[in-house]
Structures are given as structure tokens and as C-alpha cells.
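To begin, one chain is listed below as C-alpha cells, in the form predicted alone.
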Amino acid sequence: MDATTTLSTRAWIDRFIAAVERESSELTELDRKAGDGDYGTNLRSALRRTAANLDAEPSESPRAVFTAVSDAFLNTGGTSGPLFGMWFREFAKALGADVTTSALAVAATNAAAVVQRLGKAEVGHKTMVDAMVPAAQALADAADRGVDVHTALAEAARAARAGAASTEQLLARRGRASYVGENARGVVDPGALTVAMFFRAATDEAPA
């Protein structure tokens, strides 16, 4: 049985914003080693725009919250901004008044597929997809088992974290990191790490 939850998506996004603020220097440094160094700045800009959107039109509706996040990213520069914008758009489309494990599974699965199509990336290419796909699979598995939302999100957070960690030794095949070849090996992809931070923010789960 797939029960609804009292999970506040606004609180989830607020925790995500706070986590990015704390870790933005690390994200920028990772991008400096494997990209052009503007990732952390662009991410903070998108999330500050998100906060402004949410403050301007306060709502606890999951659809409204994720629409605000999506709109903010779609209006942010860089390669990753529009991709994250389209990713979050799928969460806005799938989540209604209540958050369920099944709805999250649909959202994450559709969202990962959109990013893969637009970015032409697969798991193993050292991109955000390396965390998005495992998280989506974890949510789909949780939905099949009928587990509660908090358990499902904790499983997604662990899967995303493992996916992000797996990028460290990969040779990038997509994105700007692919331009620097072996120099990007040994560097965790900042986009994948951001996805892991997003799911972690939903749960307040302590690191394993």
C-alpha cells in the first residue's frame, strides 16, 4: 500500500538550498578541476532565485514548490542549469497535493530520462545521470515494495550518493569534463554530487 506522507517539499528544498550554500566552495573546486569553475556559482544563483520565487508566492503544494525550483534553474546560465530545470520540471508534473512513493518514482524516472535524452548521457559517462538513474531505480523498487515515502527517499539518497561516488574514477564522456580527459579522473562529478545532496536533504539521513 502506498500511503501519503507529511513530508514538506518546501522544507526539503530549504534544506537543499542550505546544503548547497555550505558546500558551494567544494562544488566550485570540483568543477575547476574538471570544467570551467563556474558550477558552484551558477548553482547558488539558481537556488537563491528559487528562494526568491518561493518567498514571492508561498505555497506548500509540491507542484508549486518544484515549479518554482524548475523555473529558477531554467533561467540560470551554464550547461547544467537548463538540465536541472527540466529534471525538476518532471517532479512538478508528477507530484500533486500529496507526495507518495509511486509519484516520486514516476517523477524521478521521467526526470532522469529527460536529462539523458537532452544531455545524451548514460550511466558511466561521469555526469549528473550517474546519480539520477540509481536514485530513480531505488524509488521504483521502493514503490514496487509499497514502502513509505521516508524509507524510499532514504534508499534513493543512498543510491544517489553511491552513484556520485562512482564518478570519481570515471573518464568523462559527456559535458565539459570530457574536454580535459585524464585530468578529470579522480574528481567527483559536481552535478552527480548535487543530485546526492538533493535526495539527502529530503531525509536528514546521517551518512552511512
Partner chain sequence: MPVRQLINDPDEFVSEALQGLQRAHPHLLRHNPDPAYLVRADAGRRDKVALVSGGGSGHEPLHTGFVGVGMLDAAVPGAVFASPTAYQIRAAVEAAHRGRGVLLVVKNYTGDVLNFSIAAELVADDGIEVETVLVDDDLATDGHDEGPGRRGTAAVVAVEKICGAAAERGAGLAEVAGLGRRVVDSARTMALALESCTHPGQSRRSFDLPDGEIEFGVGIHGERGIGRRPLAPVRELVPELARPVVDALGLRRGESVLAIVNGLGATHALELSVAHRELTEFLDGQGIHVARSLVGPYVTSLDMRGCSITLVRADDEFVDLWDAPVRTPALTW
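Residue numbers count along the first chain shown, from 1. From a predicted model like this one, the values you see are computed outputs, not experimental measurements.
Below, we refer to the form predicted together with the partner chain, which is not included among the displayed structures.
- request: Can you work out whether the partner chain is within 4.5 angstroms of a heavy atom in all three of Ala142, Glu155 and Ala159 in the model of the complex?
  value: Heavy-atom distance to the partner chain in the model of the complex: none of the three under 4.5 Å.
- request: Indicate whether Ala103 is a 4.5 Å heavy atom neighbour of the partner chain in the model of the complex.
  value: Contact with the partner chain, no.
field: Contact flag, Gly124 vs the partner chain in the model of the complex, heavy atom cut 4.5 Å
entry: Outside the cut-off, so no.
message: Even though the partner isn't displayed, in the model of the complex is Gly96 close enough to the partner chain, meaning a heavy atom within 4.5 Å?
response: Although the partner chain is absent here, Gly96 would stay clear of it in the model of the complex, with no heavy atoms inside 4.5 Å.
query: Might Leu83 be said to contact the partner chain in the model of the complex, defining contact as any heavy atom within 4.5 Å?
result: Judged by the heavy-atom cut-off of 4.5 Å, Leu83 is in contact with the partner chain in the model of the complex.
- prompt: Of 115 to 145, which residues get within 4.5 Å of the partner chain in the model of the complex if you count heavy atoms?
  reply: Contacting residues: Arg117, Leu118.
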